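Heads up, the chain below is alone and in the form predicted alone; it's given as structure tokens.
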Amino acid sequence: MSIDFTPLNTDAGFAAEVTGVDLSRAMETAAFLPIRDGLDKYGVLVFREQDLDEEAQIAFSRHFGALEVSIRRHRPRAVAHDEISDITNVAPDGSIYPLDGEHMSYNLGNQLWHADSSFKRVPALVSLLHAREVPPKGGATEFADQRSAWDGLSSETQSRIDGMVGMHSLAHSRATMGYDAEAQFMDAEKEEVPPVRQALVQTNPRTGRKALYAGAHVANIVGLEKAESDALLIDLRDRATMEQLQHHHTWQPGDLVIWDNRAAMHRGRPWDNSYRRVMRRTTVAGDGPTA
């Protein structure tokens, strides 16, 4: 098996398409290592034409580490495993969720720039999103290179923010898009995701590269007055999502996209909700709290 990586953003060395591997087949550790190293290098990896059921996606994902369980697992879903997050507009009965209902209101938060599960005490390390059904247009996912965003900061700004801590909250980010977590979260969900602290700058221990970690789940920076915190977060997010730092992924059925949440923020883009969109995500937990 010969695994090849083709950079998709040659200027920034960010995101690559990977060929020469069938992820539905059992994989030995030695065969997996080039994929792990490629993710360290590029931050985002794109695999086309991958025929994965839930079990195969889970099995491959576990090469990266222990998997999270979905916060939405307590609700009716069309998936069988707690480790699968059902990112979809299709209800278990096959109907399409209405835009003004709880499900799609919650999913609107995915359109904000964020790192997955930064609102958990142990934030996500790697996300793996597989496309089952996609609309004919719209519904893309955009990624922004947070390592290059860090590198582009002045030394004065780097010195100022390295060591700062952000307070992350899922209720905060969802409220930004009009979702009332206090009223609409189940009790089990509220208990699972209280606000948590995370470092504002993340470091990949394998490569030593630093990256910004200031996505939409950050409600405030600990120790700063609200006005100063808000202004700093706005400035950092503007810098972190500049067009030259982005990779735009247009989905095809069978695509599997993997990203390192320390290295990349992402956001979903809107689509015509009359079309079905069915995506399945597995999420690899990090090593521990970051702050």
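Remember, it's a predicted structure, so these values are computed and weren't measured experimentally. Each residue number is its position in the shown sequence, starting from 1.
A second form of this protein, the form predicted together with a small molecule, is not displayed here; the remarks below concern that form.
**Q** Do all of Asp116, Ala140 and Trp259 end up near the small molecule in the predicted complex, with near meaning a heavy atom within 4.5 Å?
**A** Yes, because Asp116, Ala140 and Trp259 each have a heavy atom that approaches the small molecule to within 4.5 Å in the predicted complex.
**Q** With the partner left out of view, is Ile87 within 4.5 angstroms of the small molecule in the predicted complex by any non-hydrogen atom?
**A** Within the cut-off, so yes.
**Q** So, Leu129 and the small molecule: in the predicted complex, are they within 4.5 Å at any heavy atom pair?
**A** Result yes; Leu129 sits at the interface with the small molecule in the predicted complex.
**Q** So in the predicted complex, is the small molecule close enough to Ser105 to count as touching (4.5 Å, heavy atoms)?
**A** So Ser105 does not count as contacting the small molecule.
**Q** Taking any heavy atom pair closer than or equal to 4.5 Å as contact, tell me whether Asn204 reaches the small molecule in the predicted complex.
**A** Because no heavy atom of Asn204 falls inside 4.5 Å of the small molecule in the predicted complex, the answer is no.
**Q** Here the chain is shown alone; which of Gln184, Asn110, Thr157, Thr176 has a heavy atom within 4.5 Å of the small molecule in the predicted complex?
**A** Selected residue: Asn110.
**Q** If we take heavy atoms and a 4.5 Å cut-off, which stretch out of 64-72, 27-35, 262-270, 50-58 is in contact with the small molecule in the predicted complex?
**A** Answer to the contact question: 262-270.
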